[in-house]
Ligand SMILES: Cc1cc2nc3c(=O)[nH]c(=O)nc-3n(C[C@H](O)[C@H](O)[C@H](O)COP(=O)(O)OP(=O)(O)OC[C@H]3O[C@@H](n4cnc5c(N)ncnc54)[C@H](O)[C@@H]3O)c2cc1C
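Listed next as structure tokens is one chain, alone, in the form predicted alone.
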Amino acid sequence: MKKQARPYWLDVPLLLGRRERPPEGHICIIGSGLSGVSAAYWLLEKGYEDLVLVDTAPEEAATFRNCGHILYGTVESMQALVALHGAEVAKDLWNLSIHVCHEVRETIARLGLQVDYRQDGYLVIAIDEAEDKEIKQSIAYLKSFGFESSYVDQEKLETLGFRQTYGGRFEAGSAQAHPVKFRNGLLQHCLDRGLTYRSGVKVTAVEEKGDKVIVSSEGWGDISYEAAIIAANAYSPLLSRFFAAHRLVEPFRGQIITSKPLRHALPVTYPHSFDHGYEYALRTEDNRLMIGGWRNHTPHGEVGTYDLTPNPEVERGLRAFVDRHYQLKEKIEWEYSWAGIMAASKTGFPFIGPTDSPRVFTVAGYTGHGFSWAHGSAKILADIINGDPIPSIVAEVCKPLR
């Protein structure tokens, strides 16, 4: 059977807007992935009206091309965070990551969204001795800071269906969900509350001119707003000279393959990753193995491209990785293979707040942790726009560079 080139998640159709000229309004939000829809949601919660959401090719967004992980932490391990930023900043960052993950959980519960949400933990698996040592050091730091984290030995990993591994770190708080179902449910709630949504709007520039922000687009020309939010993640430099000039984010291609439903249940039910997060995996609700990554083995790490064509070398690497590290009771058959363009942040943390203009804001740059961070980061952005207090760690590490 020929593999599907579109993401497994997009078997659930995307909710789309009408294809017509967007009206002028108070705030224009560019991008209808998790960041943009979440920004609309939180602004509506604060009483803002006359919001306009636009997108051009939403099916290409990273939101619908990830692995469904909602993870505590950042792209760096706790050991690396402490080494880079010191113990107090590392602790504050970890607390912030927990907070943004819980915002996803609480919104799902508050709105009664059916999104296949499960909060049953996350397993970080070492495939060499150096990573195993880093995992043990991270656990020691996490426990000393009062966080829950435990070591999983090689024997236990074997019972979970893994082989050729050393040890792992298990953390109970992380979760998973269906990204399309979450975004669709949240978007429908916003539409019911008056959000205007237009699809097929290719934005070419966002600039402040006088007391207005001009959103330029192909086909519809210039449209003026009181303010704008760039929620386009890796595509932000294509819309904003500020993003491009400061190299705030760099696009990279992440790739995922997904099997046919397996006859035998995978022993591991929760999200897991290997090799410092460069390989990441999930068991889907219908018992498929979804695994992505391996880009670090390519000559340029898949950095600097907007090409969504899957790399055959990466797919071969992922399939060989599964053969090497999973103990499966059956021959695996792969059904889906797709790529997504993610955004590596210049600082390693999301950018939240105004750019070089007080009327142009952004929430972007998740470095592969977008499902975890996008919804909660958008809430922080709404706080900034509304003049509400924000955590001091956000002002320290998440503000756009000027």
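Residue numbers here begin at 1 and follow the sequence given. Given the structure is predicted, the values throughout are model-derived calculations rather than measurements.
One more form of this protein exists, namely the form predicted in complex with this ligand; it is left out here, but the text below deals with it.
- When you look in the predicted complex, the only residue of V360, L43, V52, C67 with a non-hydrogen atom within 4.5 Å of this ligand is C67.
- Proximity to this ligand in the predicted complex, defined as a heavy atom within 4.5 Å, holds among F162, F243, W94, Y280 only for Y280.
- Proximity of F371 to this ligand in the predicted complex: non-hydrogen atoms within 4.5 Å are present.
- Proximity of Y366 to this ligand in the predicted complex falls within the 4.5 Å heavy atom cutoff.
- Taking the partner from elsewhere, C28 is found to have every heavy atom lying beyond 4.5 Å of this ligand in the predicted complex.
- Within 4.5 Å of some heavy atom of this ligand in the predicted complex lies at least one heavy atom of A232.
- Heavy atoms within 4.5 Å of this ligand in the predicted complex are found in one stretch of 251 to 259, 153 to 161, 86 to 94, 123 to 131, which is 251 to 259.
- Relative to this ligand in the predicted complex, residues G36, T56 and L239 are all within 4.5 Å by at least one heavy atom.
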